[in-house]
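Quick heads-up: it's one chain on its own, the form predicted alone, in C-alpha cells.
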Amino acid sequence: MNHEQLVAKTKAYNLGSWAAQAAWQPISIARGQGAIFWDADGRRYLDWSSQAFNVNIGHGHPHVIAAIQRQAATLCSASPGLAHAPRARLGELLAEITPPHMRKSFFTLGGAEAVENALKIARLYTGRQKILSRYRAYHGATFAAMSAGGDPRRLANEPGVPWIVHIHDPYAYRSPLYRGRTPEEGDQALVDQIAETIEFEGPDQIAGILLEGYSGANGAIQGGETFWRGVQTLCHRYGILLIVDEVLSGFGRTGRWFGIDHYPGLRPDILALAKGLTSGYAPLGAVVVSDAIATFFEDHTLWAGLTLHAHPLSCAAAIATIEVYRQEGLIERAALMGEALAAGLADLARRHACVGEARGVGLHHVLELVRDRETREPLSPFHRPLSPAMAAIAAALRGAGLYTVVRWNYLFSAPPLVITESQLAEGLDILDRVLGGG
C-alpha cells in the first residue's frame, strides 16, 4: 500500500487516540533506521521526538531485533507465575542501574500500568489512601494514572479516582509563586505550600507524592535542588513515599540513566519505568521498589497481576536495549549531544522573538512560544486546541520533514540518543527556518 491507501485503511478500521476521527490525518510509517523514518511513499522524516519519547536507541537496532528473534524461537509466552531466564536477568539488570536500595521489580506492559501498580503498591504498603501529584504532569491514560496526571485530557473522563490531590508546579517561567523571587526562592515557597497541603489533607492519610523524574509531555517544568530536596524532606517528616515516574525521563533521555540522577543522594521509594526500557521495540513497563517495600511483601500479599506480566519477548528486548545503552555509551552520548542541542536552541531563542523560553536537559528540551516576550502571552492557550499560528508551525515542521510533538505553545526537541551531529544541525536548521517564517 502507498501512503494514501495505508492511511485510508487505517482510518477505516482503527480509532485514533486523542483525536476526533474526521480530523485525524496520521503520517504513515513503513521503516526506520537510527533517527530517521520513512513513510509508505518513501518520504523521509527526521524523528525529533523519538516517536512518543520512547525510541531512545533509534529505529532498527540489529542487537535488539536479534534478541527478540532468538527469544521468539525459544519461548514466546509464559504464565505470570512462572520463572524464566529473561525475567530473572532483566530484574538483575534493573537492580544494577537503579539506586542501590532498590532491588526488586514488578513488570507491566507499559508506563500507565506501571504508574497504576506503583500507586497500588504505595497504598497497600502504607495503609493510607491519598496520593499527591502535580497539575502539570502526565502519568498515562488508564483510570488512576489519568486522574493523577493534571493533563487536561483527564477532564473528559472525570470524576476519576477520589484519592488524588493535585499540587502546583515548579514553573518558574509562569507560576505566581515565583514572581519577584529567584528560582530557588520560588522552589522553597512551593515546598512550603505543599507542606501546608499535607497538613490540610491529613499527613496520616497520604500514601505518596508522585512526581516525574524529569517533567515530560507537559513541558519540561522541573524545579531544582531546593524543590526536590524539600519534597524529600517532607516525605521523611510525614512517612510519605516518594514515587517517581521515570517512564519518559528514564534510560538516558536527560543525559543520565534516570531524571532523579541529577539530584545525587535522592532516595525514591518507588520508580515507574517504561518507554526507553525497550525503546518501544516491545511493550514493557516496570515498578521498582525499595528494599523496605520488597520486604513488606514477603509476608503481605501483593494484590496486583497481569496476564502478560514479565512477557518473555518484552523482557528479552529490554535486556538487549540495556546492553545497547552500555555497549555504545548512549547515556554519556546523550549528555554530550544534549549540550549541543541546548546551545542550538538557546541560539534560536536569542534570534526569534516568538521564543519565550528554552528549557530542558540532555536530549529532552522544550521551546515555549509566546506572542509577546514582555507579557509572556502564549502563542497557543494551555488546555485548548492549537491556535492557528501554532497549527501553522506544526504543519510547516511536518512539511519540512521534521516529526515532533507540538502541544499548546510547546515545541519539543527529544530526538533518539543515536542522533548524529549532522542530523542535529538539520533539525535545528528546520526549526530556525520555520520559526522565522521561512
Ligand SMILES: Cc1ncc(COP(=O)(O)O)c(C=O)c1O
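From 1 onward, residues are counted along the sequence shown. What you see is a predicted model, and the numbers here were worked out from it, not measured in a lab.
What follows is about the form predicted in complex with the ligand, which we do not show.
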Can any non-hydrogen atom of Ala112 be found within 4.5 angstroms of the ligand in the predicted complex?
yes
Looking at the partner-bound form in the predicted complex, is Ala118 within 4.5 Å of the ligand by any heavy atom? no
Applying a 4.5 Å heavy atom distance criterion, does Phe227 contact the ligand in the predicted complex?
no
In the predicted complex, does Lys275 come within 4.5 Å of the ligand, counting heavy atoms only?
yes
Task: Three-residue site Tyr125, Ala207 and Asp269 fully in contact with the ligand in the predicted complex at 4.5 Å by heavy atom - done: no
Contact with the ligand in the predicted complex, heavy atom within 4.5 Å, among Leu363, Ile260, Leu248, Ala286 goes to Leu248
Checked Asp169, Glu212, Glu368, Asp187 for heavy atoms within 4.5 Å of the ligand in the predicted complex; positive is Glu212
TL;DR on 134-142, 189-197, 341-349, 297-305: the one with heavy atoms within 4.5 Å of the ligand in the predicted complex is 134-142
